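Shown next as structure tokens: one chain only, the form predicted alone.
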Amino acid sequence: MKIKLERISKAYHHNFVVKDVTLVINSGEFLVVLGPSGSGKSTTLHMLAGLETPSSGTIFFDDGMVNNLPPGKRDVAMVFQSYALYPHMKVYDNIAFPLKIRKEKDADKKISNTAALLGLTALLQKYPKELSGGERQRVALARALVRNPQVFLMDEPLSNLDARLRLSARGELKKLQRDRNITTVYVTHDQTEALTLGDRVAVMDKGRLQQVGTPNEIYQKPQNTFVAGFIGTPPMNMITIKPCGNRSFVSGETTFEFPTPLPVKTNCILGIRPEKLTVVPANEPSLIPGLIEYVEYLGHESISHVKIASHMTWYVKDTTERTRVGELVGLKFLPEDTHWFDPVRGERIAN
């Protein structure tokens, strides 16, 4: 099913939590809506589910407007963060519940097939309190899948799992969605989930849509400073600069040299990803001098906190162990790895 939102807004007492969102979700697509707390992502999902009514704008499922259609008639299934399982019902009855409401035939067969698909056959006679977090999450998915809905809506369904279970659950979820080819909208504040699960990612902040694109587009070409700073761990390094020559720029009281002619002529924000920076000894030619303040060792890589100039710390992600706390170093990068943003509007202006 194709979903289209046209200038959707939602306000409570004249305070907008979602503002003027226009978005097309293709049939069979896995779209992740990503943003911090309070960005409006869950409210947007609730409007798709029919749990909230838009203050303005239109929602279409295929070619039909559904603004005033109740949840039960939208043919959507929703999985919540809390799983919302009935504690007094066994797993079998939890999965069967939506089928009983609809009085569907062949319920036993559908339940058996769905339970087998999610590895729940041996758990059908247990109660939710007897299950692990990962098992409860799979029961919630089974209950949503058992009636084969047209649209799958998920509100941070993996956030209660530990890191190991989240990793395996993401793989299961992606495979399940691909096999069933169900249009899926998945809300999360976790960028790792967004980049690994989504065919496309819609980034929201303060009720507005900031950027929509593939995970690669969102990461490699952020359209504004919010997306650049929100996506990536650590986030993109950014510095406000003032060009003072063909290749020179000033930040604060420090002058830096760029390796090629600057692509901008006015004040702007320069950004570069931590993994695109190279640390070299202080006595070698470099672009930005710095001091190693702290090093996070993560096993497969390390993250160095480098103080540049007198007012800012940049992050460098490296797979070597060359940096030491207290060491004076230089930072190098390639011109093609830089990002340039307008300092007032925050919008991308070059590259």
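Predicted model only: the values in this text are computed from it and were never measured. Start at 1 with the first residue shown and count on from there.
Just so it is clear, the following notes concern the form predicted in complex with adenosine-5'-diphosphate (ADP), a form of the same protein that is not shown.
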In the predicted bound form, the residue from S55, T43, S286, T313 that sits within 4.5 Å of adenosine-5'-diphosphate (ADP) by heavy atoms: T43
Interface segment, criterion being heavy atoms within 4.5 Å of adenosine-5'-diphosphate (ADP) in the predicted bound form, picked from 63 to 71, 298 to 306, 278 to 286, 34 to 42: 34 to 42
Contact of L23 with adenosine-5'-diphosphate (ADP) in the predicted bound form (heavy atom, 4.5 Å): no
V17 within 4.5 Å of adenosine-5'-diphosphate (ADP) in the predicted bound form, heavy atoms: yes
